[in-house]
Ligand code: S3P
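Next comes just one chain, in structure tokens: the form predicted alone.
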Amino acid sequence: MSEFIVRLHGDKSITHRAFIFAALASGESIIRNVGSGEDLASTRQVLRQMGVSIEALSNDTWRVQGLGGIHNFHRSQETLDCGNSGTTMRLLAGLFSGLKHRVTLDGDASLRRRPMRRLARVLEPFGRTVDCAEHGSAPIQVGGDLSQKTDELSNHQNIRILTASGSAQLKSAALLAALSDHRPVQIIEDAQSRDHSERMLGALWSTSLIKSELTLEIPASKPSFTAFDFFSPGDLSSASFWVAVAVLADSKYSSIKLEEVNLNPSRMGLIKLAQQMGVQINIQHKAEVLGEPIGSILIEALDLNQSLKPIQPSAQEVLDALDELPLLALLACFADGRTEIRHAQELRVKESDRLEAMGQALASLGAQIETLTDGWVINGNPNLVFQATDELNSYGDHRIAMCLLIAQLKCIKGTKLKINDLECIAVSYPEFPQQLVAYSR
């Protein structure tokens, strides 16, 4: 038995933000270990449309010539195409809300189904508007409010924003909007979300913006910052798929080691829940880059006589693992007992309705799963073997597609599942299918 080593592309959430802050910085930044996913390409394309020079130095290394501040972005008359990336649209809507002219952001059919009106909640305290299409979706328009509202708003001494959600994208939109406001800004969450934006900006400013677990404070005086050289740590969401692979695969490998991975505590949700289920995962912290801890993760395969334990995660644990919950549902199918996952209604407005997508797929494969309005109830069976079925629908959702590829590992040997639109995996982790084949040989 031996160890299978995986080197992951840079964390998508962090890399989006690195490109945005590099665009705002003064000078030439280098961003390394950048994945080839289409979402990051969308962020680069929108920034280019706004006058930022971005050049590939190699397959995974990019040079960004920063503009030195938001008011140096160009006045683009083109619609800014965010592709399938909700992160691109929401973060850049926050940033571009501080422009003196109006811009339009749009995306593909999937992104047009996702809710965008909630951006208004965090941008309204700045005196900025978000014009959405019918049903509160894209295309959206932001910017052009500053000249009309500056005098009126100057009487207010500070801004206090309640995000009213555990959304890191909304929090980041507010933070990026704050960069073009002359007042101190306090951002308060009702549930802790990913903290990449505040970590990165705090590192660039050499000061912490995090005042408590749920509160950020951005000063009235916004320091400029210079260009940087950044190695993006391995993507924790991508790493989570390998947890399921290590547990479910019948392989010659005894463990999977993920090197140079992001170890941000706000991203460890699936890792912690898998450990509760009995998966042995060892974590070694090695360094910190732009506020982000990095290190290695070693995932041990289950012993032959070991079964996964059922769990009932709390609301905060569900939020911490939100994007990885389809993987948790897959693992729960093989636990020894009943797993109940609630408080996950946000999964219904992702790239697909992930609650329905996973519920339908797992049920058709033979799992005992009930889909609820906000989650699933799964009666697991350690001896379950998935049965061949008609074509499984990924709904064009990269995370659902990768979960279904992993489900193949628990089918009768020689059975190949039919899964539609596997091409959507290119949005976030195009290398995964080939890496999975290499592991399964």
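Residues carry their position along the shown sequence, with the first being 1. These numbers come from a predicted model, not from an experiment.
Beyond what is shown, the protein has a form predicted in complex with shikimate-3-phosphate (S3P); the following relates to that form.
Contact with shikimate-3-phosphate (S3P) in the predicted complex, judged as any non-hydrogen atom within 4.5 angstroms, is confined among 283-291, 167-175, 71-79, 244-252 to 167-175.
None of Asn264, Ser296, Thr87, Gln141 but one reaches within 4.5 angstroms of shikimate-3-phosphate (S3P) in the predicted complex through a heavy atom, and that residue is Thr87. Interface residue among Asp108, Asp323, Glu317, Asp353, judged by heavy atoms within 4.5 Å of shikimate-3-phosphate (S3P) in the predicted complex: Asp323. Ser428 falls outside the set of residues with a heavy atom inside 4.5 Å of shikimate-3-phosphate (S3P) in the predicted complex. At least one heavy atom of Arg194 is located within 4.5 Å of shikimate-3-phosphate (S3P) in the predicted complex. Contact annotation for 95-109: no residue has a non-hydrogen atom within 4.5 angstroms of shikimate-3-phosphate (S3P) in the predicted complex.
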